[in-house]
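A lone chain, given as structure tokens: the form predicted alone.
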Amino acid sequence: MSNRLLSWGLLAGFAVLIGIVAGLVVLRPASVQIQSGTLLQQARPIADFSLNGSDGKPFTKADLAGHWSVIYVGYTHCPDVCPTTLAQLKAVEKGLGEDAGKIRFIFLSIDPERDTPEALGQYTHYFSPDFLAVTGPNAQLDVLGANLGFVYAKVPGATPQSYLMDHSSALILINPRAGLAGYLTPPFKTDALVSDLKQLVEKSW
């Protein structure tokens, strides 16, 4: 399969997921409205999963409870979008001030073949020592992708180890009850992201 066909297939899959999300979303009359994406009318439950943290410990659904989480899907060999987005999230973390401690930023690698826990930790902590990094077997990633609404695909390179990974670019919002709450979608603006996340933290939604 050509790289172009893989990219089109990825885009088509993401379009289907966006359509599903759109069917679950309405204009909320509630006090929380965000600029950077979409909140679901009702948070969607997430099935249990088991991933590996960069600290060598298991990372499960229980680790998402008790705080807001922002998940970014990517991989350490990403040439452009991933480091750019993580650098922007670092600026968002700084802009949140005291509220930063109430939100977890999680880098979810969809490249377990190359992204060992050690490599993930080194890469992610370059941007912020407080960012978390996790990955897991493709079977677990596929199930989690179906739950959270992200897709990914390997794009072969010139050598077996020079492949790229196409992946969804939206940030995934998880509420303190470990439910899927919505998506923050590019193009990202740091000030808007900070404002939106402050709202979510400060208001009981």
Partner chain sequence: MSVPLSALALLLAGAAAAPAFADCKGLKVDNAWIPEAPPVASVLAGFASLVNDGDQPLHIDAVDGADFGSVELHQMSMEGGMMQMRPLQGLDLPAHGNVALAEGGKHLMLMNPKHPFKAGDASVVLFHCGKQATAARFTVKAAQP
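Keep in mind the model is a prediction, meaning the values are calculated, not measured. Residue numbers count along the first chain shown, from 1.
Just so it is clear, the following notes concern the form predicted together with the partner chain, a form of the same protein that is not shown.
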Could you tell me which one of D142, D63, D166, D55 places a heavy atom within 4.5 Å of the partner chain in the predicted complex? D166
Are any of the heavy atoms in V81 no more than 4.5 Å from a heavy atom of the partner chain in the predicted complex? yes
State yes or no: in the predicted complex, is some non-hydrogen atom of L51 no more than 4.5 angstroms from a non-hydrogen atom of the partner chain? no
Check A119 for me: does it contact the partner chain in the predicted complex (non-hydrogen atoms, 4.5 angstroms)? yes
Should A87 be classed as touching the partner chain in the predicted complex when contacts are defined as heavy atoms within 4.5 Å? yes
Exactly one stretch in 172-180, 153-161, 33-41, 63-71 has heavy atoms within 4.5 Å of the partner chain in the predicted complex; which is it? 153-161
Residues of 115-135 having any heavy atom within 4.5 Å of the partner chain in the predicted complex, listed in sequence order: A119, Q122, Y123, Y126, F127
